[in-house]
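Form predicted on its own, single chain, as C-alpha cells, below.
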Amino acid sequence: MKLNMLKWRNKSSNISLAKKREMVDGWLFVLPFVISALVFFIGPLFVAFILSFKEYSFLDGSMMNAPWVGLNNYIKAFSDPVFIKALKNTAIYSIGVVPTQLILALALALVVDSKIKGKTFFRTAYYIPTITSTVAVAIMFMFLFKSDGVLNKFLGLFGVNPYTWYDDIRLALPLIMIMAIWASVGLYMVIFLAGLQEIPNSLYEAASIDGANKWQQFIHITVPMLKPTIFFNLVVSLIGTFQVFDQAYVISDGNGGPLNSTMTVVLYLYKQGFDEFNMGYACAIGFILFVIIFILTMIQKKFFGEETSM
C-alpha cells in the first residue's frame, strides 16, 4: 500500500513538473512578442492616452511636467472647423470608397473564379496595384491628372483646354477616392476569391437541379455563404478608409488643400502633432478616431449577427 502511494506521489510530482516546464516554455516562446507589444504598442498607447489630457509640445521638454487640461483637447476638437471638415471629408471618402471597392472586388472575384481563359493572368493583373507603394500610385495619378498630364493631353486632341484637376475643390477628393479604389480592390478580390472557393459545388448543383438560375444561385447561395467574408472585408476596408493619410498627403503636398478639401482626420492629426507640435491635441484626435472606428465596427457586427463567425 505504501509502495503504491509512493509511486502515485512520484507520478503526480512528475506531471506537475512537466506542466510547469510547459508553462515556462510557453512564456519563453511568447516573451519576444510580449516585450515588443509592451514597448511598441501598449506602452505608446498608454502614453498617448495620458498626453491627450495634457497640453504638450515637443518643444516644452518633459511630458511629465506638461500641464493637465482634462477634456479640453477633446472639447476643442469638436469646435475646431478644420477637424470637423476633416471628419466630414473622411466620412465622405469612406462612404464612397468602401461600397464601391467591395462591389467591384466581388464582381472581379466572380469573374476570375469562373471558367474563363487566362484567369491566372487576370488575378495577377488585378492584384499588382495592391503591392505597389501608395506613394508611387499617388505620383502616377498626379502625372495622369496634372495640367500637362496624360488626361489633359488626350482631351487636348478634342480641343478641350487643360484643367488642373487637383486644384478643384469639387474634384480633388473624388480623384483620391478613385485612386484608392483602383489601388486596393485587388486585395479584397483575393479575399472574396478565397471565400468563393470555400462554397461547396454541391449547393450549386442541387440548386441547378431545382431550376434555379445564376442570379438566384448568387442571391440565395453565394451571398449568404460569403457573409463572414463580406463582414471581414467591410471591417478592414472601413478601418483602412478612416485611416487614409498617404494619398491625401502626397496629392495635397501635406496641407490638405485646396481649401481643406482633401484634409482627412489622420492628415490633420499628423499636422497637429508634427507640424504644429500640439502633441496633446493630436493624441486626443487619435482617440476620437479610435472611438468612431470601434463604434462603427460594433454596428457592423450587430448588423451581420452571429453568422459572421469564420
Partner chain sequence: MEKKKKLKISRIIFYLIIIGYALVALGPYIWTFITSLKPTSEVNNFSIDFSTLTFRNYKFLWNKFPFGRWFINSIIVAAIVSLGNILFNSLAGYALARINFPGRKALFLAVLSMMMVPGQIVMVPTFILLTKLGWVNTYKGLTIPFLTSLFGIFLMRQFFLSIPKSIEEAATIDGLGRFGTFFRIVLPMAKPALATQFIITFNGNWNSFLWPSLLARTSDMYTLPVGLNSFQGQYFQFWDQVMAGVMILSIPSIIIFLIFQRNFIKGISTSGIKG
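Residue numbers count along the first chain shown, from 1. Keep in mind the model is a prediction, meaning the values are calculated, not measured.
The same protein also exists as the form predicted together with its partner chain; that form is not shown, yet it is the one meant from here on.
- Proximity to its partner chain in the predicted bound form holds for none of Ala77, Val223 and Leu234, with the criterion being a heavy atom within 4.5 Å.
- At least one heavy atom of Asp253 is located within 4.5 Å of its partner chain in the predicted bound form.
- In the predicted bound form, at least one heavy atom of Ile139 sits within 4.5 Å of a heavy atom of its partner chain.
- Among heavy atoms of Gln243, some come within 4.5 Å of its partner chain in the predicted bound form.
- Among residues of the shown chain, Thr90 is not one whose heavy atoms approach its partner chain to within 4.5 Å in the predicted bound form.
- With its partner chain omitted here, the record of contacts in the predicted bound form names 185-193 of 185-193, 92-100, 208-216, 168-176, defined by a heavy atom within 4.5 Å.
- Contact with its partner chain in the predicted bound form, defined as a heavy atom within 4.5 Å, holds for exactly one of Ile84, Val135, Leu71, Val160, namely Val135.
- In the predicted bound form, Ile139, Met140, Met142, Phe143, Leu144, Lys146, Asp148, Val150, Lys153, Phe154, Leu157 are the residues of 138-163 with at least one heavy atom within 4.5 Å of its partner chain, listed from first to last.
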